[in-house]
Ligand code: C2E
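The chain below stands alone, shown as structure tokens; this is the form predicted on its own.
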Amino acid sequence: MRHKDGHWVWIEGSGAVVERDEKTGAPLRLAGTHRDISDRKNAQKEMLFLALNDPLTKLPNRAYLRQELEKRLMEESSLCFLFLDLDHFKTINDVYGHTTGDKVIQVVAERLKSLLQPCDFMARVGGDEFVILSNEPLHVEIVCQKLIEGLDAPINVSEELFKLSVSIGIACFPEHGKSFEALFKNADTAMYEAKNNPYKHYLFYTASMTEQLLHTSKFDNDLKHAIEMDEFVLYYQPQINLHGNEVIGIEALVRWQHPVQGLLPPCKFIKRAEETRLIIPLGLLIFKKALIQMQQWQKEDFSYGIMAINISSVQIEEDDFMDRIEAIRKEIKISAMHIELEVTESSFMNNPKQFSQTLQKLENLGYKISIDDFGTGYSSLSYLKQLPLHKLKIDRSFIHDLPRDRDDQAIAKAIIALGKTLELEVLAEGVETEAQKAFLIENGCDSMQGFLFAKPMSAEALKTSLYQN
């Protein structure tokens, strides 16, 4: 029992907390139960845990990380801040669902933690983002290599094997920052640089990375503004039947009419548009502009087969992709049978099931489907034959040194033979010489496009050129 406000508080055998008169012992009121007090303490403990820890992995969260880092900054003369991000983790959530994704994250957290020293501190700061504080800056590269190799072994979840990789950015105290905000930002910046580096999965922060980040940020803003203001124009390149020399199609190729830098080719902005997902509105803009031009040519009785339009895998991943291009097509009143959608070989490897289903639906609507840059990816031939394809396009890198390069000869012949086996049309890109054309005809290639016949040009220039021919 304990004294309170001149009265005695008794904890009864039942667990009831009863307030009694000091002199008589008579009960005055029920103050609660011992269990209530215990439950409140447990609830407070649970609330404190949730405030400082991630409920999925039970690792410290960002708030706890901040507390720990600020404490170590006062105690240590140096330390390293490692920012880890799983590569392409979004695909797992998109394909297998968030429940499976959460289980993968739990296994990853356990595996990473098992590779650390007792003095290392690890936190989860985002969906697939982790931070590790290491007090051993001289050995931090060894730590990174252990983490990378530790994730190399496949993860088995829900009877599926997941092969993961990780990108790591490193910021060191005090040279790369003296506060939580500075170290977090700089390590994050280095991590994104590592993601874009094909040769190294971890990088130390440098000041030039911030400069590059500012440049990239400005470029992204310019690109977004360009889409809003429609600063893009389409150029067109004809596709030629090698056996009759007639035009069988025209490919639409986008250019950015930059107000300062002038006319920019797609290699200058398409990759970044895909990374930022700006390719979604840009792709729809290109699709609409191409169909409007096709409609105009039809009104002028100027028609040369199909219109080939490049489609990004990022667009195909969108649930409403097909509905949106169909809405544009119906608005402009162009038959799907006159449209060929070009997708790159590598684009369907991240999510082959969804990719195949979407392409099948598009073919059912009448669209033709071609694989662009064929030979540069790693597609499974057994899977390739299941896709609703109309055409294979041999990448220009295998055409450039024909016919003198024996390796390119072998690759070109193999792709042509594969196309024939799968009953697909085969088109060679980047044909520039009569010798290349002769080799392709001799080996059974169906069609070509390239500077030998015509370079990409404006709609009016193309029309004039084809009328002259």
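These numbers were taken from a predicted model, which means no experiment stands behind them. From 1 onward, residues are counted along the sequence shown.
There is another form of the same protein, the form predicted in complex with the named molecule; it is not shown, and what comes next is about it.
Check your understanding: Which listed residue (195, 255, 176, 391) meets the criterion of a heavy atom within 4.5 Å of the named molecule in the predicted complex?
Key -> So the residue touching the named molecule in the predicted complex, by this definition, is 255.
Practice item. Scan 352, 266, 305, 127 and let me know which has any heavy atom within 4.5 Å of the named molecule in the predicted complex. Key: The residue from 352, 266, 305, 127 that makes the contact is 266.
Practice item. Select, from the options 425-433, 403-411, 62-70, 47-55, the stretch whose residues sit within 4.5 angstroms of the named molecule in the predicted complex by heavy atom distance. Key: Residues of 425-433 come within 4.5 Å of the partner.
Review point. Does the trio 373, 396 and 450 actually contact the named molecule in the predicted complex, every residue with a heavy atom within 4.5 Å?
Key: So, yes: the whole triplet contacts the named molecule.
Exercise for review: Spell out, yes or no, whether the shortest heavy atom distance between residue 250 and the named molecule in the predicted complex is within 4.5 Å.
Suggested key: Heavy-atom contact with the named molecule at 4.5 Å: absent for residue 250.
Exercise for review: Flag residue 342 as yes or no: does it have a non-hydrogen atom within 4.5 angstroms of any non-hydrogen atom of the named molecule in the predicted complex?
Suggested key: Judged by the heavy-atom cut-off of 4.5 Å, residue 342 is in contact with the named molecule in the predicted complex.
Review point. Should residue 134 be classed as touching the named molecule in the predicted complex when contacts are defined as heavy atoms within 4.5 Å?
Key: It does not: once the named molecule is placed as it appears in the predicted complex, residue 134 has no heavy atom within 4.5 Å of it.
Check your understanding: With the cut-off set at 4.5 Å between non-hydrogen atoms, does residue 310 touch the named molecule in the predicted complex?
Key -> Yes, residue 310 sits close enough to the named molecule in the predicted complex that at least one of its heavy atoms falls within 4.5 Å.
Review point. Looking at the named molecule in the predicted complex, which residues in 214-237 have at least one heavy atom within 4.5 Å of it?
Key: Only a single residue, 237, comes within 4.5 Å of the partner.
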